[in-house]
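Take a look at this single chain in structure tokens; it is the form predicted on its own.
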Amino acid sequence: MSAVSELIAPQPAPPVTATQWTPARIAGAALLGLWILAGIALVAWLAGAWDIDKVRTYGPKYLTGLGTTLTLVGISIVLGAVLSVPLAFGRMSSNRVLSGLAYGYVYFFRGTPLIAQLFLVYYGFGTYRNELEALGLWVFFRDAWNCALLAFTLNTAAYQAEILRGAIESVARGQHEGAKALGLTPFQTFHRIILPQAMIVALRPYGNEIILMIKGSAIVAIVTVFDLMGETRRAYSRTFDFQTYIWAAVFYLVIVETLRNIWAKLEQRLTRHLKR
């Protein structure tokens, strides 16, 4: 056992390192300054080009299109989440047939563009009108909104299935063994232990998927669905004022930023027990 006989003398604080203006730092500052000036110029131009008559005429249509966008994305996300559960378990199945079918589905919808999938549903099923009428399904496929909903649901289900599969497989094997030692059934193990941990891992990827779907939903304007972008195209065709697209970009930016903040608060609340 030893005792301290001499204390270390207090040391001065380390000197503050002077900022060095390297060429890369100078270029970055100049580029940032240019972006700030461009933003100020854009705001000034929009303020000068403000036309209250156009706002009164097309503002309500923008809000209607915004509602269509949010409804379409919201329903497709929910239906895709339901469809993603059997797909995820199919991907993890030891049965080669189920695993192969689930893999093929995910591979196709993740490997092809969303706009191509929308065209396949909207134009592809339209070529089989007589057959669909005979089956009583033409009532569904003749509506562009229904076709967009189906295409979006099938697309997001593939991405959500991979998110869910990866989150479930990220849970340590010891969690399964501990639950078995406690005598829990497989359903209780999954419902009470595995799924809550997997959802924490999957929370941020799910948020990213919703944001991507909101931005990707603009393509439905091509198939005559008057969502936010569809109303923007109609407003531009009548005014030939490109600021209509700027306002659409502002709407999308507000939606994405609002969702990002909500998701950050949700993640912060659900993971508060993990912070020290």
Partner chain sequence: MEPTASLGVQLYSLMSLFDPFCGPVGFLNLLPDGSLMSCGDTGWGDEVARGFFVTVTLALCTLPIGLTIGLFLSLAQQAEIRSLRMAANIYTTIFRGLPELLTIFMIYFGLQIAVREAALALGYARGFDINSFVAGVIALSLVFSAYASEVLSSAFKAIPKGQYEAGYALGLRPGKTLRLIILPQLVRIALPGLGNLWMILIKDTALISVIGLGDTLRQTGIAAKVTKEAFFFYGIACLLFLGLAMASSIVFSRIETSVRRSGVNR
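Numbering follows the first chain given and starts at 1. Rigid core here is just the name for the largest C-alpha set that superposes within 1.5 Å across the two forms. This structure is a prediction, so every number in the text was calculated from the model and none was measured.
The protein also exists as the form predicted in complex with its partner chain; that form is not presented, and the subsequent description refers to it.
- Put simply, of 182, 134, 116, 82 only one has a heavy atom within 4.5 Å of its partner chain in the predicted complex, and it is 116.
- Between its partner chain and the residues 210, 46, 222, 66, the one pair within 4.5 Å by heavy atoms in the predicted complex involves 222.
- Taking the partner from the other structure, its partner chain in the predicted complex has a heavy atom within 4.5 Å of a heavy atom of residue 124.
- Contact between residue 235 and its partner chain in the predicted complex is not found at the 4.5 Å heavy atom cutoff.
- Contact annotation: residue 50 falls outside 4.5 Å of its partner chain in the predicted complex, judged by heavy atom distances.
- Using a 4.5 angstroms threshold between heavy atoms, residue 218 counts as touching its partner chain in the predicted complex.
- Judged against its partner chain in the predicted complex with a 4.5 angstroms heavy atom cut-off, the residues 55, 145 and 148 are out of contact without exception.
- Heavy atoms within 4.5 Å of its partner chain in the predicted complex belong, among the stretches 189-197, 135-143, 164-172, 104-112, to residues of 104-112.
- Residues 236, 242, 245, 246, 248, 249, 252, 253 are the members of 235-253 with a non-hydrogen atom no more than 4.5 angstroms from its partner chain in the predicted complex.
- Relative to the superposed core, residue 24 undergoes a Cα shift of 2 Å or more between the shown form and the other one.
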